[in-house]
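Next up: a single chain in structure tokens, the form predicted on its own.
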């Protein structure tokens, strides 16, 4: 026969594991939002790069700094956009690795929650038989 203390302990364990799982799921959702933002920025920067490549060497290029448009060299503008694309791509790779890690943690927490639930059911089934 299962003792009430053992059942309470399993319930506490289950609550803790469920809370951990919930935190991981929130982190995954937050990570997906950040990834979406970077993906949009990457697309915009790739579009800007294509536009810059269409320009002739003598074309005027301006950069918005605060409320002011400042004239910028075409080669410098090209280099800046390429650096931004490089940075955003690196961030996307980092985020992908983080999401993969979080998903692995989520799966292990899910398994732990299921095991605790099964132990609780087994205890309660044993209690019902007695």
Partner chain sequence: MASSKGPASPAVRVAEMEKMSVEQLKAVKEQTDLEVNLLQDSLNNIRTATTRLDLASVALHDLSLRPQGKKMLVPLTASLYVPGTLDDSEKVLVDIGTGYFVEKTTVEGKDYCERKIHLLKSNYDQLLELASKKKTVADEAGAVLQAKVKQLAPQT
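Residue numbers count along the first chain shown, from 1. What you see is a predicted model, and the numbers here were worked out from it, not measured in a lab.
Same protein, other form: the form predicted together with its partner chain, not shown, and the subject of what follows.
Distance criterion of 4.5 Å from any heavy atom to its partner chain in the model of the complex singles out 60 from the list 89, 100, 33, 60. Interface residue remark: residue 29 is not counted as part of the site for its partner chain in the model of the complex, having no heavy atom within 4.5 Å. The closest non-hydrogen atom of residue 51 lies within 4.5 Å of its partner chain in the model of the complex. Residue contact check for residue 95: none of its heavy atoms lie within 4.5 Å of its partner chain in the model of the complex. The candidate spot formed by 47, 77 and 81 is fully in contact with its partner chain in the model of the complex: every one of the three has a heavy atom within 4.5 Å.
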